[in-house]
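Let's start with one chain on its own, the form predicted on its own, as structure tokens.
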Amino acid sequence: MSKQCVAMILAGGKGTRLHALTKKIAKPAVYFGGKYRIIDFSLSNVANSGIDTCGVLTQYESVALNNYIGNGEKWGFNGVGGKCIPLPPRQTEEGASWYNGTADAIYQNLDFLDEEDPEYVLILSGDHIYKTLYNEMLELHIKSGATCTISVLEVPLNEASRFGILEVDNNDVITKFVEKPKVPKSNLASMGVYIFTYKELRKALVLDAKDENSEHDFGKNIIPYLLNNHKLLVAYRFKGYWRDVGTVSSLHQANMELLPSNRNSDTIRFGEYPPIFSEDTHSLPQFIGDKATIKNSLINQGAEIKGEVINSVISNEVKVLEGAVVKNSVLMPRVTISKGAYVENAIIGPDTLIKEKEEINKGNEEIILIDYARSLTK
């Protein structure tokens, strides 16, 4: 039975700028906000939009991420007619190869899309932090009759060279698109969220796959091809909180923005609709000792706090023992901060032990990462 819209989430990136956090797992599987993983946001956004079929295109260190996605039950995809399927590269009659660009990843899964026979395809990244419903964007796409609708937001002009930059007319019809221009002429940036009319997308992907000079990338190849062939592309103006947590400092900042004292009108509020779904770790209730001090912090279930926690995000099964101090930091699952230790302006990776009276980054403002192997990365 054909679908109105199917979602495809690109989740195969290495996330090398997160250093040790992505040494053994893909970036979308990295922990965030005390109880979530980064990919929870994309999957929850899709589910909350009523899109019941989703393919997750995994590649780098895909085992843990594929296992986490499972059958999509965490996000409600396992109902009648719905599905959420990890789609790693696979061997076919043509041979076996990695996904060679974002467009190639979708091209290699045209059989999945053909089987679902959607009218429209939503393509998005699995490593961004934001809450949204895609319904309004889909309505705009259908009403305009566009081949492609791109979700955009305004960024500071001095940061625009990091993004795909669009120029639009008075009706938000896209007139020009340049991937990461050296001298941007606009601050209207692509979020990497696209809705395509599937028949047009399929034609473009098949042609692109035959082009030996193509990088098989949506921003570098598919979007320019559609513009050059006079297809209608429109911009959807996103309003709200959106973060690309591609570096240690940006991941730390996004976690800090969750704290009550740092919130503004756009900041994510987990208790408000639409919800963000995640894995239930079935942890014990959190324990707060009689000498503990907690200020402006998020403390997840299973945490044991006997020391001092200030302006920090604490994940499940974390232990902050007697006399320990944690300031402006993110502690990922199963971290232990031993007695008398001091941690400041840091991300502490999963399963890491900070020894008794050890001082981590005390008095320094630059954010650092400490992982279980005890390597220190700025």
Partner chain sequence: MKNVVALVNLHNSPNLGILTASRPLASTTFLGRYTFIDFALSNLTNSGIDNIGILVKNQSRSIIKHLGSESTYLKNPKTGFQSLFINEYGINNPLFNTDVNNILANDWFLYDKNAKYIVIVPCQFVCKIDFSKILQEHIESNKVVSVVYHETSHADTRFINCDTLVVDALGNVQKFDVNMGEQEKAYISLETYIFNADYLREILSKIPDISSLFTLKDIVHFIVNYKEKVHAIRHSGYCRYYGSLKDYMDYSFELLDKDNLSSNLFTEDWKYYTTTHNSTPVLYGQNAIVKNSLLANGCRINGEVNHSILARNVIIEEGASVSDSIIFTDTIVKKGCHVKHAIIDKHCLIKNKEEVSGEKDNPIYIPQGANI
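Residue numbers count along the first chain shown, from 1. In this text, all values refer to a predicted model and were calculated from it rather than measured experimentally.
Not on display, but discussed next: the form predicted together with its partner chain.
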### Contact flag, residue 79 vs its partner chain in the predicted complex, heavy atom cut 4.5 Å
no
### Message
If we define contact as a non-hydrogen atom of the residue within 4.5 angstroms of the partner, is residue 85 a contact of its partner chain in the predicted complex?
### Response
no
### Message
When the contact criterion is heavy atoms within 4.5 Å, does residue 112 count as touching its partner chain in the predicted complex?
### Response
no
### Message
Quick check on residue 231: any heavy atom within 4.5 Å of its partner chain in the predicted complex?
### Response
no
### Query
Only one of 138-146, 289-297, 215-223, 247-255 gets a heavy atom within 4.5 Å of its partner chain in the predicted complex; which is it?
289-297
#### Entry: Among the candidates 186, 301, 100, 161, the residue which, in the predicted complex, approaches its partner chain to within 4.5 Å (heavy atoms)
301
### Query
Since exactly one of 278, 151, 125, 132 fits, which has a heavy atom within 4.5 Å of its partner chain in the predicted complex?
278
### Task
Scan 225-261 and note down the residues that get a heavy atom within 4.5 Å of its partner chain in the predicted complex; none is a fine answer too.
258, 260, 261
